[in-house]
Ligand SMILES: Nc1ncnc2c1ncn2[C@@H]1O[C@H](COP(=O)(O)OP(=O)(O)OP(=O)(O)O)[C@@H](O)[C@H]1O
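The chain below stands alone and is given as structure tokens, in the form predicted on its own.
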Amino acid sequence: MKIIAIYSSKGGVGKTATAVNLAYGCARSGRKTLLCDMDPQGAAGYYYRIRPKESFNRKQFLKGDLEPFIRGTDYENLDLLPTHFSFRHLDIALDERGGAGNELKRIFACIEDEYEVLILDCPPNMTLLSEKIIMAADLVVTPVIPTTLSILSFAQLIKLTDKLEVNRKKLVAFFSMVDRRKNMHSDTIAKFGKKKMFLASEIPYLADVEKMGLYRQPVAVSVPSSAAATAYAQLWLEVWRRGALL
């Protein structure tokens, strides 16, 4: 089972929209996919109209007994493990248990024979949980808005990756919420876009992506012929190809 983490320490960069749409793209390609919502805000579950069972919480997650709490979505090959508000202290609980990134792999070991791909929608912060996710994931995909602060956040992620002695090849980025009418966006993409860590795919700033909260569906379902649906489909193909090289 390949673990793909959608992560950014900066909020508001389109992280959950990326996780939701890539999970759908993965499932649509015929791969059995599990989307795990690790953000206590629960946006991924909201998009898929799924709530956690009342008995599910941080303690159940740490036990690694996940199967009873996995919920099916409306889409073939795609299941979802919802988050819980208690996940806000998940980094502390994981640190107390030790095991670094291997602790997350142990937790997910119970479902590794059931799914080909596990996609993690990660909380937007830089904590001990972030470190464990980076160490456990096979690929870390980071949305980057083409602005100074977003580039700075990505640079900090690279430093963290190096500190953890993790291979930089597992870290990839793409430009999100792109508005080519803005000089800063165009200039930033021209400066950083050719670096090996950046994928060629871009997600433009489009109303169809913002309206996901209204439709509560991946864009390929709500607006299948849209530019947004095409952009996410291209992004998924590039993410999968990059992951296959590791």
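So that there is no doubt, residue numbering starts at 1 and follows the sequence shown. Remember, it's a predicted structure, so these values are computed and weren't measured experimentally.
Beyond what is shown, the protein has a form predicted together with the named molecule; the following relates to that form.
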property: Segment assignment from 24 to 32, 64 to 72, 209 to 217, 187 to 195: heavy atom within 4.5 Å of the named molecule in the model of the complex; result: 209 to 217
property: Any non-hydrogen atom of residue 124 within 4.5 angstroms of the named molecule in the model of the complex; result: yes
property: Residue 46, heavy atom within 4.5 angstroms of the named molecule in the model of the complex; result: no
property: Distance check, residue 56 to the named molecule in the model of the complex, heavy atom within 4.5 Å; result: no
property: 4.5 Å heavy atom contact, residue 38 and the named molecule in the model of the complex; result: no
property: Members of 3 to 19 lying within 4.5 angstroms of the named molecule, judged by heavy atom, in the model of the complex; result: 10, 11, 12, 13, 14, 15, 16, 17
